[in-house]
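A lone chain, given as C-alpha cells: the form predicted alone.
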C-alpha cells in the first residue's frame, strides 16, 4: 500500500448525501478514473466495563474495533490518542469473551461503503457513511501507491485532491505530522477513519440536541 489521506466531504447545498456522492463520482469518471470494485470500513465502539473502574470515579476508556475490506484477514483495535493493535479476525470472538472488561456501546456501529476508483497511481474511495439505516455523511479516501513516506508525496496528493474536491480539499492529516519520515502503514489509515467517524458522530449529536428547539 501507499500513503493515504481520509477526509469528509460536506453534503452539497440542496442535495442529499447520495446525490453529492454521485456528483463526486461523476467528476472522477470525467477525469478518467475507472471503477475497481467496492469497499467497506466499519467501526464498533466498546467502553470499559463499570466493574473494572473501581470507586475512584475514574473515566472509562473507549476502544474502537474496526475492519477494512482492503485487509480482510485483519482486525484493528484503536484507543483514542493511543496505540493501534492489529490482529486477525478472531479478535472479534475475543471481544465477546472480554465482555467483563469491555462492553459494546449501544447503537455504536458506524460504517462507510462505496466504490473504488483507479486513476493512474491513485486509488480513490468515495463512501456513504451510515449509522443504523441512515446516511450521515461522505468519506473520501485517496491513496498514492508508489510512495510509503507521507512527507515525500503530500504535495502530489494535495494537488490531486484539489482536482476534484476543490474548496473542500482537506489539510494534511494529523497522523502525517506524527509519523514524520516513518513508513506509512494500514494502521495510520484506520486512525484517520476513527477520527472521521468520531467527527460525524459528534455532528450527529449536535443535530439531535437541536431538534427539540426547532
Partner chain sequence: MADVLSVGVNLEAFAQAISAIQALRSSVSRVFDCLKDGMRNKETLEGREKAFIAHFQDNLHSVNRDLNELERLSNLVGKPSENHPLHNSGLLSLDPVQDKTPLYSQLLQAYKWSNKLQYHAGLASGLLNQQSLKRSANQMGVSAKRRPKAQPTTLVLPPQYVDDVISRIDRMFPEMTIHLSRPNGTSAMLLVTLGKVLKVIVVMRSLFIDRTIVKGYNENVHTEDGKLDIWSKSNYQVFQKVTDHATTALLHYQLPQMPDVVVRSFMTWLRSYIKLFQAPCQRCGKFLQDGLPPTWRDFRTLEAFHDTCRQ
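Remember, predicted model here, so these are calculated numbers, not experimental data. Residue numbers count along the first chain shown, from 1.
The protein also exists as the form predicted in complex with the partner chain; that form is not presented, and the subsequent description refers to it.
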Of 46, 160, 176, 39, the only residue with a heavy atom within 4.5 Å of the partner chain in the predicted bound form is 160
Sort through 62, 153, 28, 65 and report the residue having a heavy atom within 4.5 Å of the partner chain in the predicted bound form. 153
So which stretch, 68-76, 85-93, 119-127, 103-111, is the one near the partner chain in the predicted bound form (non-hydrogen atoms, 4.5 Å)? 119-127
Heavy atom of residue 147 within 4.5 Å of the partner chain in the predicted bound form: yes
Though the partner is not shown here, which residues of 72-106 have a heavy atom within 4.5 Å of the partner chain in the predicted bound form? none
